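Consider the single chain below, provided in structure tokens and representing the form predicted on its own.
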């Protein structure tokens, strides 16, 4: 094995050490595997829902965001948005939706790959999945701002509504409308996955750091 690859993967666990402290090395693996499973499950779960309260719709209108699609009262919301000059919802996050399933599967594979890495590089492999919930909210807020700040000035009611930014996590008010967002199970699964990754990294460091230090001591002697 090339020295660079060996350094990346880290030291092997001696057989006697593994027999004596098996759970020490199993725990981070179990935590990483659980995190990967939660991410895969999240693909088919809704991540975020927005309720639009409008005078002509007493029960409200809903749009639900999955990682690769949006469902709900999209036609009705697009109809209302058209009058204030907002673009159709289908134009939002097209790239993100097209690659999201592959991307999350890739993140899960990176987490699983980290179970075979016994060095600090395991943290790098899990970092994208760890930050996924933050990226999702930031990207969603970006598109809400993009749509709200780029209204068509030629729309019928453009003069009655100033550019605005619908908030991604709390209630917002726009003229006679209000929006109420809610995080759903897909997001919470990804957040749980991030928590499991953090716990896995803690136990991973506790298990393998002594082996790495011992390897360095032997190499310098």
Partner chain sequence: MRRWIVLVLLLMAAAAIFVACSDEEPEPTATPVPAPVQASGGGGLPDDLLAVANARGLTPQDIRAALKTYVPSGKKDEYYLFSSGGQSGNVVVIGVPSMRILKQIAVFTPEAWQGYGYGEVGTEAVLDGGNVDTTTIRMGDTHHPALSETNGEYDGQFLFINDKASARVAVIDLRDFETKQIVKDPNLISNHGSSFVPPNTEYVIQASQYATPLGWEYAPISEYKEKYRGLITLYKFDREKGRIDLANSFSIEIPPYWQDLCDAGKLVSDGWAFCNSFNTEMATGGIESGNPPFEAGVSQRDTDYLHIFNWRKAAEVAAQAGKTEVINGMRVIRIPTAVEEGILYLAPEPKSPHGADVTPDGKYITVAGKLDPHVTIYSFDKIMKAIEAKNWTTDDFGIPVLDFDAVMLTQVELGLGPLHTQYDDKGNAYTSLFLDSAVAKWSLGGDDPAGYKLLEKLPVQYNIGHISAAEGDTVSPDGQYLVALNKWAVDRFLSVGPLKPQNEQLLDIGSDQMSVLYDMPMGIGEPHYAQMIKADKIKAWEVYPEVGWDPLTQAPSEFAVKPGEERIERDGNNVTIYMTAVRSHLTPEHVTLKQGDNVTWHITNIETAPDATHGFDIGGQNISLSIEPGETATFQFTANHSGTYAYYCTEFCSALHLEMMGYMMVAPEEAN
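In this text, all values refer to a predicted model and were calculated from it rather than measured experimentally. Numbering follows the first chain given and starts at 1.
Same protein, other form: the form predicted together with the partner chain, not shown, and the subject of what follows.
Trainee: For this chain shown on its own, do 27, 153 and 184 all sit within 4.5 Å of the partner chain in the model of the complex, going by heavy atoms?
Mentor: Result yes, every residue of the spot touches the partner chain.
Trainee: According to a 4.5 angstroms non-hydrogen atom cut-off, is residue 43 in contact with the partner chain in the model of the complex?
Mentor: Answer no; every heavy atom of residue 43 is more than 4.5 Å from the partner chain in the model of the complex.
Trainee: At the 4.5 Å heavy atom threshold, is residue 176 in contact with the partner chain in the model of the complex?
Mentor: So residue 176 counts as contacting the partner chain.
Trainee: Is residue 67 one of the residues lying within 4.5 Å of the partner chain in the model of the complex, judged by heavy atom distances?
Mentor: Taking the distances in the model of the complex, the answer for residue 67 is no, it never comes within 4.5 Å of the partner chain.
Trainee: Considering non-hydrogen atoms and a 4.5 Å limit, does the partner chain approach residue 164 in the model of the complex?
Mentor: No, residue 164 sits far enough from the partner chain in the model of the complex that none of its heavy atoms falls within 4.5 Å.
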